[in-house]
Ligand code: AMP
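Single chain ahead, written as structure tokens, the form predicted on its own.
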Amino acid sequence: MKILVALKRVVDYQVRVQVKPDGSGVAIDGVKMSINPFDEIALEEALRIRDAGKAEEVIAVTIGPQQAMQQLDSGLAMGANRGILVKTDKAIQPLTAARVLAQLVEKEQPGLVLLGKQAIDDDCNQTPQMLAALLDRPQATFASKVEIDGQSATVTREVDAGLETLSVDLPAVISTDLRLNTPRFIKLPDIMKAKSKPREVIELDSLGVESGDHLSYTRYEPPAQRQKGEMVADVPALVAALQAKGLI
């Protein structure tokens, strides 16, 4: 069985995001870029499934500019067998990403597709569900535990009321949640080994994918600065301050 994992290039979660002065977008020049944390968890789970002997190959896929090869290299250093870069300089919205991944799934025929439940830049949480619909395959989202048994997968998922357990037939699409695992640390020997692993670059236009980018962003603005807190002497003073602000 093959496992296909999608990796998105995002601003590193430890970086304080800055909006461009003209409000046209987020400033990324000179900013550290990394694999989306949820996608990194998806890749780690795919590697664990392979290492347990329940899959033979893990394919890492990313959609983005040539610079996204850095994140693909990181995925290969983690342990993916080979990588595919769908090259484009355009910003990709969820439906287009799902259509691109659907094309690759038809080509590679993986038994399992693992994706992070959402990306930390747009927080859309849409691509896995859209991909499952396009492929007409079973899906399980927000996975906090995944167990593969033959041609089925048992997925424990996090919902508002607690935990829910689903059983889905393979091939399927699964999106991963934060508590599924802790991604492994990449060591220098792994980075060196990754250099010899196969990489494929595919131009997005060559796939003939219909654009699903129906949203336009008119302006970006940073969140309003928090107001300075006020110290009060006692509870009556606190109540009076809240009343003065119209909060109670």
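All of these numbers come straight from a predicted model, not from anything done at the bench. Numbering starts at 1 and follows the sequence shown.
Note that the form predicted together with this ligand isn't included here; everything after this is about it.
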Can you pick the stretch from 206 to 214, 55 to 63, 26 to 34, 191 to 199 whose heavy atoms fall within 4.5 Å of this ligand in the model of the complex? 55 to 63
Answer for residue 117 alone: is it within 4.5 Å of this ligand in the model of the complex, judged on heavy atom distances? yes
Please check if residue 6 has a heavy atom lying within 4.5 Å of any heavy atom of this ligand in the model of the complex. yes
Even though this ligand is not shown here, does residue 124 get within 4.5 Å of it in the model of the complex, heavy atoms only? yes
Does the 4.5 Å heavy atom contact test between residue 128 and this ligand in the model of the complex come out positive? yes
Just one of 172, 146, 97, 76 has a heavy atom within 4.5 Å of this ligand in the model of the complex. Which one? 97
Which listed residue (112, 92, 140, 80) meets the criterion of a heavy atom within 4.5 Å of this ligand in the model of the complex? 92
